[in-house]
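We've got the same protein chain twice here, in two forms, each standing alone as structure tokens: structure 1 and structure 2.
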Structure 1
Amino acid sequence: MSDLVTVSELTRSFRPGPPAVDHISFSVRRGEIFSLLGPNGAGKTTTIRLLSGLIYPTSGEVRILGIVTTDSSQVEEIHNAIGLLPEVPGLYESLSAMQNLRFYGRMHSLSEATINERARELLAAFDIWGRRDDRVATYSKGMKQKVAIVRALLHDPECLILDEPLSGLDPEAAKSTRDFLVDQRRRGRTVIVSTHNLDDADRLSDRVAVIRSRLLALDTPSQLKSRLFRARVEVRMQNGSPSVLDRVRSLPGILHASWEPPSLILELAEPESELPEVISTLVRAGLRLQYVTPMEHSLEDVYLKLVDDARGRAGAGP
């Protein structure tokens, strides 16, 4: 899978104060959903603006399809390659959805036939085709967000760049938007998302980048979890007690054991090879097991650990 976006030593400063984005480097592969995570003020929106060419970097560069986004001679080509959902949807609320889409479609030099065809397909996918001629001012926040995503897709770009696309949406609207983004990936489109919703990022993302001005970590959600946390297993029992700890703590590979009634919680070095011996030991001791299940850490656990560690390093000083 080749890279569609390449970010090299990207830095953006706003004086006074430290850089909002500080020497960040990463690449985004074709056909993946790539999420930017970080606390408020971490530089996510600034990074989105730099990726889309709305602002220029203080240093470093962004390449989309090999084109440097600061190359003024290639502005039109870059704008055609990306579809942007900014922090604020920016629709003309006195106009209808179709009037908004016709306006933006003409800015991309699309024909009326193409605008109408794409608008019908996309608005129908979001279940708002029936409201296409109503003024945007009468729409809910979720409907406005959907129209803004349709606008970003209208010219059929290779890359979608979305700043908080699920923010403020009700559960039904959020689910339909998630499903839509997964479908875009299935069609081969690249999707870059900035989000605070860690559960959505965990479910949607092929890879995530955690930033706090600098890049703290970049990997798949599952790899980040396994890298930062030990494997944990819950062994639920019908007739367990704290005394079971004495039986398992001496077994090889047990890194930590705790009793959380009615379950034994274990941290294991190599669960696949060590868990059978644990189970055999418990059964021989007359304990009745109800189930044994892995306890997965969430992307939220990963995020909080990375951000807390970064705060700790910053607080420690040189």
Structure 2
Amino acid sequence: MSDLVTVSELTRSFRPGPPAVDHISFSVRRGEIFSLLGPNGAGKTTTIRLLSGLIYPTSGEVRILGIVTTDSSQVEEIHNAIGLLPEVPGLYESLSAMQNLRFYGRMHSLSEATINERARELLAAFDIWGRRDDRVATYSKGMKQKVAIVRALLHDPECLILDEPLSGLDPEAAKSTRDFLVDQRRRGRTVIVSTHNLDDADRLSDRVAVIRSRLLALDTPSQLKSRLFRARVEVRMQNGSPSVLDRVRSLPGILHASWEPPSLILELAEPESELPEVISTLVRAGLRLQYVTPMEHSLEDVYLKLVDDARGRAGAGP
């Protein structure tokens, strides 16, 4: 079985108000980086808490390693398998980073030697080793976030569940954390992250679930982009004019064409097979082409469109 986490018809309501998470289903494969993407209040944190068994669903279920998270006799099994980074670091402020980690290591029944070795390795990787014996209260926001990430990794869990892991980190720390997560995947670990940051989701994830209480879309970043938008190509030329539109509009496969000086923007059904004909037509007409580039839609466009559509649907009422 290659699915580590299966979520079926997951629903969670808080009184009063509509469900924070509404009939969401997906599964996370072993060894992938899976992102939960959604606007504020979309239910990301609620989903993360449901996934890690900290709160229970109103209906539906989550299975981790085949175990239902509400099975209280399996708490130990489930929680040894996951490493959680909550929304707020939640460290013991009057204790040092090392004391915090030692406490959590012992909660996971790690040996003293393992705790020291792992803590040393991870704290050094996150640049906190030198401050390990200072009280956490004296740390900066980003440092606390790093210690909380280290805490999630300490027992080398099979599955990392991270609520906005990169928030509060400077670009350098964010990059090393991303590299770290990719490295975890290489080692066969599964990573579930929630994020607002579309760039991060794009660069990092194997698959992205866009949620806004409901599951709006779930696919690889590139599939999401191509599924929602038709392929577009920019043809930039030295001597173009609006009149080129007349030449291309009649060609087969062109869905839409527009002139945005100094470029012609084309939407095509199948660029690979239709573009050669378009290009030679333009060249024959004496146009001097500078370059032809496929136009990537960013995940941001995808996201904004999905969230916007969902809002529209919700606003339209029953």
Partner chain sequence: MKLERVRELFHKDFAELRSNRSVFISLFVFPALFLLEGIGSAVARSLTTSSSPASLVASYISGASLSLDLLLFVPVITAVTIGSNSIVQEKTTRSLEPLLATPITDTELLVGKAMTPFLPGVIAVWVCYTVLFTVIDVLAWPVTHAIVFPTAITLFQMWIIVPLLGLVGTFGVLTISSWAKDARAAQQMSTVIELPAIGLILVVFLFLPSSWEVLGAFAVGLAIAAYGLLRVAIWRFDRPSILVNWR
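Take the two forms, superpose them, and find the largest set of C-alpha atoms that agree within 1.5 Å; that set is the rigid core. Here, a residue number simply tells you its place in the sequence of structure 1, counted from 1. Bear in mind the structure is a predicted one, so any value in this text is a computation, not a measurement.
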property	result
Selected structure - criterion: the form predicted on its own	1
Rigid core superposition, residue 76 Cα moves 2 angstroms or more between structures 1 and 2	no
Exceeds or equals 2 Å, Cα of residue 128 between structures 1 and 2, core fit	yes
CA of residue 141, rigid core aligned, shift of 2 Å or more between structures 1 and 2	yes
